[in-house]
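First, one chain by itself: the form predicted on its own, in structure tokens.
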Amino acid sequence: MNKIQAPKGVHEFVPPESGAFEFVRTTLIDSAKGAGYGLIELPVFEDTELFTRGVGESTDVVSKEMYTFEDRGGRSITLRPEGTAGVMRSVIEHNLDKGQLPCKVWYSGAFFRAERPQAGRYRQFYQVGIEAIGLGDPEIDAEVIAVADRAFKNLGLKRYRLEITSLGDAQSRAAHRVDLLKFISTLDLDEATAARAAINPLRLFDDKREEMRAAMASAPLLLDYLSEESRLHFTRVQELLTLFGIDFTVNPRMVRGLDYYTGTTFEFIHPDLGAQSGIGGGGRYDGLMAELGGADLSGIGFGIGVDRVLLACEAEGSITEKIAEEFGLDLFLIAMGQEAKASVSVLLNSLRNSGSRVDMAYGDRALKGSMKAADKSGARFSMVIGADELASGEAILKEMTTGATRSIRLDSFTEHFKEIRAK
């Protein structure tokens, strides 16, 4: 009988890699928590209309990549391809916009896009995101960017770069749209590209085809059309990032992949990841809440790809030691004989209750096989307990990396080991 395998394009995380995945995700979340963001837990599927209205019909996400199906009640349902639209729907539904503003939330989980699988791009992928909703202060823009930057620094990443731009306000985009459409009318576009440009001409800046990159090289840039208010806002964001010590470059051609972005927009890029170099990004989405039936409030957020950040950490070798500290075993116990098994099981439970990370050799392995298991466990210490150790009340604690040993009393081992592992 054939084995059943995971669907194509799904990247599963199993031990030991899952420890690194968990460490990256936790570090991203901790940065959000440290800035006052609270958890919002969202459904993994929504009414399809949420994404067609909120994300934009001209985007590849909506037109090509969504997993959409009809449920038993005849409703069109879509597995979430991104997080912001769902957050906004929830904020409106639960009246979070009626409380203290800004409403600051974080989320994490799996997202789904029917893309061609490749390194760093999966059909089921994982994100950590934050949203700050309700105020349009440039200080909030800078805070959101700083939350991501702080997380990357806490992961030890050094080779990433931050690119930012402004997509302006409605006045800015209206002035730019006139000249951009004039320019696009001079291009020889295929039917699908022309249709996409008719809905949102900015989408052509995001076209990855070389011929379109060349065609758009001399297109008018939105940064040159910013209203005075938008220009001052973007200037203030840059000033704050400089004060924060966050390096950045202005990329006037950035539009990102979703239609709801306005004003400050940004992306973090890691050069070691090849074609899929983006590790996270986001921006302001003024008008999205009103489009989804809520109040006309500002908002800004980001989505960071846990999968891609993990690849960046592996490329830089930045978290190997941190993972060992965070998830590695403190002690591996080996019981020799049935009588020792019961005593070791009791000791193991006592150690775990005291906060130590401990495992033991199960089954009836010989000493040699049990020591191999201790080596593979990555534990900092190991200890063998048999009839002789039980009789004497003492055992030998071995430090696995150095081979150093010490004799230690079993009746006071739990308390004594807390001091040992703290050193």
Ligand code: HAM
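All values reported here derive from a predicted model rather than from experimental measurement. Residue indices: 1-based, along the sequence shown.
From this point on, the text means the form predicted in complex with the named molecule, which you will not see here.
With the partner left out here, the named molecule still marks one of 94 to 102, 206 to 214, 319 to 327, 303 to 311 in the model of the complex; by a 4.5 Å heavy atom cut-off that stretch is 303 to 311. Contact check for D47, D259 and M289: none of the three has a heavy atom within 4.5 Å of the named molecule in the model of the complex. Only one of the listed residues (A148, I130, L331, L167) places a non-hydrogen atom within 4.5 angstroms of the named molecule in the model of the complex, and that residue is I130. When you look in the model of the complex, the only residue of F125, F234, W106, Y160 with a non-hydrogen atom within 4.5 Å of the named molecule is F125. In the model of the complex, E143 stays away from the named molecule, with no heavy atom inside 4.5 Å. The named molecule in the model of the complex is not approached by R352, whose heavy atoms all lie more than 4.5 angstroms from it. The named molecule is not drawn, but in the model of the complex it has a heavy atom within 4.5 Å of G120. Proximity of A335 to the named molecule in the model of the complex: non-hydrogen atoms within 4.5 Å are absent; the residue sits far from the partner. Contacts between stretch 77 to 92 and the named molecule, counted in the model of the complex as any heavy atom lying within 4.5 Å, involve E82, G83, T84, listed in sequence order.
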